[in-house]
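Only one chain is included here, represented as structure tokens and corresponding to the form predicted alone.
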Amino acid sequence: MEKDLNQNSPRIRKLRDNGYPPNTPTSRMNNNNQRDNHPNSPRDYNHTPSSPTARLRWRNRSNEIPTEVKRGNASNVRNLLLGDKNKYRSMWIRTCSSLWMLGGVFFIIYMGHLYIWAMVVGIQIFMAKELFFLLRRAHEERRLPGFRLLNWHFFFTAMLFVYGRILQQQLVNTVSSDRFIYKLVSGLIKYQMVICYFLYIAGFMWFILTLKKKMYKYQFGQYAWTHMILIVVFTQSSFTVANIFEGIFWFLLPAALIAMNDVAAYFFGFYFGKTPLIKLSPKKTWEGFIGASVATTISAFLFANVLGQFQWLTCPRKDLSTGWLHCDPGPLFRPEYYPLPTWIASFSPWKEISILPVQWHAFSLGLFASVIAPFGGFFASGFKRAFKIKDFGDSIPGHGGFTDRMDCQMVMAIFAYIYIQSFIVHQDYSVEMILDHISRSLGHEEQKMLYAKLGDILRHKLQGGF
């Protein structure tokens, strides 16, 4: 002990070199060293503690901003993202995969409405696969052979029901030239709800017959999880498909705005981000959120003008063919001319500018895509934190899975459909819709009676009876 208290002893010199006062007890240094080197030390942020209490503290701390960031100066916070040596490599991978996806989407859009629908169905299948796998347990699955097929049975039953309801008019218009096929398809559409119901009941009975003792909780959990997945996947995709057949414009613009907002938020946050936005997504910053909102709203106004120039994008599709479209663009896509102010016109070669009326609607879509739709991403982030996963899958390099890319698109697709049906599409019944309903609902004699009555009504009108 006397040797340890000697000011020139090796142990006291070591304390002095480490910044401790000369009279610091040796045990304090040892305790600190043990704490720093202990695998469950609070200073080791990359290690998950083993005890339940320590794990709870570790999870609470992992959701917070590190103390060093809170106490650091502004320059350290500003360079928080730039300091990550892997950030540029991640950005390069993300950019390359985004370009590949962008090229593929442009090619599918060029092919037409039917191919875009097929792309949506493919994305649905990938999303369902990722979400089905999320709560899968290998040990229980081995004791339940064929149980996974039940999930897909419900999935394809839901697909038949949803798309049968949405695309029945397009399907009838496609086969109207052949009388036999027309009657067959009309009958299937008429009894489509009954067919889907009994397919679902068959799956329900299948589930009951596969229940096993000591597996009830897992099986009922999977049953509930499957139905939640069907609601999440088919709610947004059904609205997306409805938007596609109203015109590719109404699918492409909302989807592109989400992508623009995502890219703008990434780069604004990457270079200027310093103020954390929300704890659910520690890398999201206020600078990225605000910068992306401004950029997306301006881009929506300009991009709508570009897309509105092409009839291929603006014409609705009334059938399931893939031919080229020609139609009256309608008042939304006819340019309106506005004179420039005198002080601008004196310096500009243009005296007026042309604006499509649809560009004013694009403002609303852009505002929603940049302010409200990102909360779909925050919801997905919280969901992934609850299950302690980084991504839903690894199908897209640098992006995760398809579900990771569709989180904001789900919110946007529903809003776009509601906005279109409320402010864009007129709810008047067309002649084609009425004739189709008559041909499917009335028999031959009833149609002749209707024809005779319509003739009487028109004759009275011509004679001035009405």
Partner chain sequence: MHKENTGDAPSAPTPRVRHHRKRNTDVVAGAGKPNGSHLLVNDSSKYKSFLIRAYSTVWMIGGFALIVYLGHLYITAMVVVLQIFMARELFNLLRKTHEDKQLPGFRLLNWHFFFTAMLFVYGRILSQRLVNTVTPDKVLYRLVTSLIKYHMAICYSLYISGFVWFILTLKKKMYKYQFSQYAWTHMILIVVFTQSSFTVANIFEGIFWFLLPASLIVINDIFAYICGFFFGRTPLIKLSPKKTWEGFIGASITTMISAFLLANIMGRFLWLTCPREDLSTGWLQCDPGPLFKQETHALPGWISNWFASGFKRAFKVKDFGDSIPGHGGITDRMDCQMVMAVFAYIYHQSFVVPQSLSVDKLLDQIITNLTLEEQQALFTKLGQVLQEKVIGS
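Positions refer to the first chain, counted from 1. These figures come from a predicted structure and were not determined experimentally.
Omitted from view is the form predicted in complex with the partner chain, to which the following refers.
Among heavy atoms of Phe387, some come within 4.5 Å of the partner chain in the predicted complex. Using a 4.5 angstroms limit between non-hydrogen atoms, Phe106 is distant from the partner chain in the predicted complex. In the predicted complex, Phe383 approaches the partner chain with a heavy atom inside 4.5 Å.
Of the heavy atoms in Lys190, some are within 4.5 Å of the partner chain in the predicted complex. Stretch 202-210 is the contacting one of 202-210, 152-160, 324-332, 356-364, since its residues have non-hydrogen atoms within 4.5 Å of the partner chain in the predicted complex.
Proximity of Arg179, Phe270 and Val306 to the partner chain in the predicted complex is absent: no residue of the three has a non-hydrogen atom within 4.5 angstroms. Of the residues Lys351, His227, Arg143, Arg89, just one reaches the partner chain in the predicted complex with a heavy atom at 4.5 Å or closer; this is His227. Out of the listed residues Tyr115, Phe378, Phe301, Tyr218, Phe378 is the one that sits within 4.5 Å of the partner chain in the predicted complex by at least one heavy atom. Residues Ile278, Leu280 are the ones in 267-288 with at least one heavy atom within 4.5 Å of the partner chain in the predicted complex, listed in sequence order.
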